[in-house]
Each structure stands twice: as C-alpha cells, then as structure tokens.
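Coming up is one lone chain in structure tokens, specifically the form predicted alone.
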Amino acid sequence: MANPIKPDRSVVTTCAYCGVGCSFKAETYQGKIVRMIPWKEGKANHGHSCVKGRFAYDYYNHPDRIRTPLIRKSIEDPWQEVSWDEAIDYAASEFKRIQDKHGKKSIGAVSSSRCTNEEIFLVQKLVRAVMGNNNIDNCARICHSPTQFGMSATVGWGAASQHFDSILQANVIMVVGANPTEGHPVFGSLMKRRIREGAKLIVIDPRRTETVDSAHCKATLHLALRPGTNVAVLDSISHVIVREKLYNEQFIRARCEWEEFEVWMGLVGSDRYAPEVIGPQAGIDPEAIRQVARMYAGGPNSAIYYGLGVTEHSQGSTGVMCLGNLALACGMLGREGVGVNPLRGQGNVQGGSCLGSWPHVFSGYRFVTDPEVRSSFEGDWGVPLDDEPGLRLPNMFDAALSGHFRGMFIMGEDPVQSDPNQHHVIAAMKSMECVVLQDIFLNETAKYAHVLLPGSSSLEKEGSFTSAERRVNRVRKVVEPLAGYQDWEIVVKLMNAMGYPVHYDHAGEILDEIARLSPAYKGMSFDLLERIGSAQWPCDENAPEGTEVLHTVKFPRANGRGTFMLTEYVPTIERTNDRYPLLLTTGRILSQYNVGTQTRRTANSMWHPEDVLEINAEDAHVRGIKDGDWLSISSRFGVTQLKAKLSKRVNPGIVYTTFHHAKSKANVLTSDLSDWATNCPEYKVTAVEVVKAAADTQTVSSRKIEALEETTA
C-alpha cells in the first residue's frame, strides 16, 4: 500500500549502509521521516536502491535510542543519567587521570565507518593532538586493512581504480570473495545488466551464492575453492598466464618494473603452482583454473571486484597483492572496463581508511614518522605530535590485558560483537579503567563501558561519506539529533574538556581542514559537492571535479610504475582434524547490515529473523541433522548454537553463517589468527564441529576465558 502521508519537506542525503553510497531523497512530515526515495541524480545508484536503504530507516526513532548521557564508575554499577556537561567532564577527567598515572600512551580510540569523514578525521585528531599519541584505529582493521596494504604495494593506492559505471565497459567480470547481489545489491544490479548484455562472469568463492546462480546472474565459471586457499588458486591462475605467455608484455615494459616481473614469473611459474598441483589442494578442477586464466587474460577488458573473502584471511594482504599482480600482468588497469576494485562493506570504510584512522599514518596515507608530513599537521593544529606509530586495535586489547592500556574512546563501533575471539575482547574490555562509548543504542560493548554518549544517526547530521568507488557524497541533516548534538559536535566538546580549545561553526569547516592537510582531498568542499553533486578523489588542481579512473598515465608510486609482489602461498595454521572436521566461513545477507544494530530494529528483520548455519546434506546426514534442528557449533575458541539450514550452496566439509544477530554470537567461534601484515582477523577459516543440540539455549562458552578466570580468581 502506498504511504498516504504527504511530506512537507525533503532532503537529499546519502545512505549509510554498504559502500555503494546511494543517494536518497528523505521525505519528512512534521519532523519525522515518512519515506526514502532513491534519487535519480545519484551518480552511484541512478535512482535505484536496495531493501536496506529504501525501507530500513526507522531505526533512527526506535524506542531503544539512547537520548541522555549515562555514566557509572564500575561496569557492575547501574547506569546513571546525567547532563551532557557532566558526562563530557567525567570522560575527560578519567582520561586525564589515567594518562597522569599510566602515561600518555595508556589510552586511545576507535572510529567508525558509520560516521562521516569529518567525524572520523576529528577522532584521529582527538587522539593525536589531544591525547598525544597515535593509538587510533578503525573498523577497516577487521575488514579491508589488507586492501590498503596490498594495493598500495602493487599499484600505489589502496582504493578502487574505477567508478562503478565502468563495469558497463567490461567484457569479463571476475568476482573474488564477494557476493555483490546481496552485499552490494545496487552495484550487483549494474553487474547483472552488463551480464545480460553479454559480459562473462567468473566467481571465485566457496559458496554457490546468488552471484553464482540467480535471476539474470549466472557465472560462466565458478571456482568453489576450499576456504583458506585463495592465494594458492590466484597464484595458479597466474601460473597459467605466465606459462602460456598470456601476459601483456607491452603494458608491463611501459608501465611496470620489468625485472620484478621476471622475479615474480619465477615464483608463480614454478611447477608447485601448476593447476594439477593446486586444484586438488583447493578442491577444484585444474582445468577450471586454466579456463579462468585464459578468460581473464583474454578480456579484452577484464575487471576484478573483491570483498572480505579475500581480505579476512591470514594471507589477506597477500591475496590482495595477487589481484594487483594479475591486473598488472594482463594490462587491466588505467582505462574504462578494467581495474581492481574492493567492494567496501560499510558506507564510509573508504573514508575511514583515507582520513587518518590508522596508527601509522595521518589523513592521505602519509606516515607519522615523516618529519615534513608531521610538521604540516603540527603547524595546523598548534601542538607537537608523536612520531612513533601507535597501537592497532588488536594490540590495544592485548595491551589492556597486560595492564599497559587503560582507557578507550569508541565512536559508533561494537567490537564485542564484531571483533574475533569474542571472549578475548570481553576480557580486555573488563580490564580497562574507562571505556567511553558514543553510539545510538546500548550494544554489546556498552555492557563493559563506563560512559555512554548518545550519538546521532546519519539522518541527524551534516558531513560527507567516501564510498567504495572513492566518491565523496554529502550527508545532510534530515531530522534534528534526538539527543541534541551531532557526533562531530560531541567530539569537539570532549576535545575542549581535555584542554584542547577548538571550534567549528559547521561540518563544512572540518572538510576544509581535511582539504588543507590531505592532498587527494585538496579540492573537496561543501561548495563543490553542492555544485556538482559528488566527486571522486583525487580532487585537486589537476582534477578540480574529481577523478573517475585511476592509473591512466602512471601509478602513484615513487617511480610512477606498478610493481609485482612475491606472493608465496603459506597455508593457514587453522586446520581441520578429527575433533573439528568442518570449516566455518561467514558472510552477509541482503536484508541485514553487519552486526544488525540498525536493521534489526526495523521491519527488515522479518526477512532474516535469525542467523542460521548452512550445512551440506551429506554432512548433515552423517550427524543425524535435519533442516531446522538446533545445532551446537564448537571450535577451539568457543561454542554457540544456531538452527540448521540444509544447503546445496556449500560443499561437503564447509559450513556457513551470517553475523547479523547478537544472540547467535558467531564470533565467539572465530580464532585469534590474523593477516600477517595488518592483523585483519581470519574470519573466513575456522575449524569446527557441528552436533545436534537438545534445544535452543543459545549457550556460549569459551575454553580460553574459563582458563583465564581460573588463573585470576
């Protein structure tokens, strides 16, 4: 039924869900949102939308929203409602007390990709200019940190080389470890359009997802590889390209470092990466590997799109390098219809990466160890800055357990639910003296917080997001903040209370500061975005309205050339055995978003009311499991329960679940293994056993935490 309410106001803004960055016209009546209309002028979505952006907006006004600041001295105490001034002053005084007692590096912060560019930038400024250290990280640590590392190493920038519409010029589309028809559905729709027009689709994924086989989307080739073998398979594809001389020698000699290419050929061209060797290890047909290599190299325009199925591994950065190597070897960069493109899972993960929420770089990916770079920030901010990289988020938790890290500011994140090895995270949170959480709901992390500052949703603030295609879009305030302040205003209050005077009249002034200090954003401003709608970085004097396609002339490396990285396959140490004979992998579903903080508080939950475990019929049969049975899933790290869903999408030996519901606690199972370069968790490979459970008790336990409690009792 059509909504009968006639709106009295409308505002064009940007969806805060996935990294596509769809534009919407938010319509309101008497100060409340009544509908979200996909905006036809949106350059990312052209008037299209998915069920999250279109319908899952009323969480902003949910009764669970926190509208008053809360504090407590101990996590065992009940929350006490206080004024904004009391809460800010208490948080500031606690942080200063901890630093006075334990040193300036004893506290830090985590920013969120649900927040705007301006807010992300302010949080890292809070850490560096006010706290006096570099202990700042963001949620990209647990999803796309290998993208920044791996792509920077090969092509110079850790970001998509194309705009979304470039796919319409692709002849071959290779999707690796991603499911865009569900995870990035508006882009997935654009991909389907190109497939209907004749493009070939290659999918490399353990599951037979909707991207493999659904309406208007059928893969020409599907490599259903065994989880954990990404690097082996990608190196084997490169082996075929090298042995059959399918590489683009002209491009390599003109645009790359030839000697490094020859060294790389020596690695991937060796017999140990032959499809006949790798195929059986990965559980796929060797001939299929050869077909993929020939199809990708033959193009003539081949584009790669990848997701967390590449990055969330112990060799996540290596996997990203493999993709960069492939594109360089075949000359698939620098023009329309090609490229290597990470499909970012959250609305502003790219912004979180660009704007300094890493412990080793300022905004613009410039190193804190560089005196010239550091002096530019010191001149603008008026304080000396630490020249030593800070702690990554996993290191913060480890340091908390060792007693060296005592306080944390968390904006818009829920690490207790989203981070791996959940009980390790909980133990770390319990050991801290002051955890300040800024969010719109009482989430799982709030159970271990001492101060709760009511945040604002993306519908209640001004700012900008940077999408997966590097597109900077305006975020506009649709309704007034329910708790009184926009998130950036709250951070400013905390900075002032900690003794650092700063003032902005509006969020646009923060973007102006970003532009002063970040070369790729040099030309960005609210005025520009109002005039042209959106712009892709780099946006500077050479590209005053932004850049759609990167690497057209040279690569942003010191010598302007792409380079080939050695990508030796090192199997994960997380292995199956007689006790844990199955491999668990995880992912998303269309109707829900990440840990579900927002979408679970909308009618979208009717489509996906609970997380379930997909299990192959063969594995179910030998365990006496029927569809809908309650299951106990155990790993070396913990135990939880889910309902069974017999599925043909996973091969025997593989099980799969989503992570949208707090009740299921999927991350209690995951290990503490992580990417060798970035500490991105290995969510995609966990050895488990599955048995039929007596009933739904949602029991969660951890062998590690039980042992820890015994030793500290």
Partner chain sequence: MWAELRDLRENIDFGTPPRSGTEVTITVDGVAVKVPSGSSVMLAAAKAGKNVPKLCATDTLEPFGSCRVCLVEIEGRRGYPASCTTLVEEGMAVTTQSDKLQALRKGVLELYLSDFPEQDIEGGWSEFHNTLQQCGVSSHPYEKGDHHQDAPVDESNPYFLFDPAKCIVCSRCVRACEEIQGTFALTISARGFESEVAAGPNHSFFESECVSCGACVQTCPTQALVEKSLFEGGYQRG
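Values in this document were obtained by computation on a predicted structure and should not be read as measured data. Positions refer to the first chain, counted from 1.
We do not show the form predicted in complex with the partner chain, though everything after this point is about it.
- For the residues 663, 65, 48, 649, the 4.5 Å heavy atom test against the partner chain in the predicted complex is passed only by 48.
- With the partner removed from view, the residue among 254, 215, 553, 622 that has a non-hydrogen atom within 4.5 Å of the partner chain in the predicted complex turns out to be 215.
- Not one of 125, 381 and 480 comes within 4.5 Å of the partner chain in the predicted complex, counting any heavy atom.
- Remark: of stretches 183 to 191, 256 to 264, 490 to 498, 83 to 91, the one touching the partner chain in the predicted complex is 183 to 191 (heavy atom within 4.5 Å).
- Residue contact with the partner chain in the predicted complex: residue 39 places a heavy atom within 4.5 Å of it.
- Residue contact with the partner chain in the predicted complex: residue 169 places a heavy atom within 4.5 Å of it.
- The shortest heavy atom separation between residue 112 and the partner chain in the predicted complex exceeds 4.5 Å.
- With a 4.5 Å cutoff on heavy atoms, residue 56 counts as touching the partner chain in the predicted complex.
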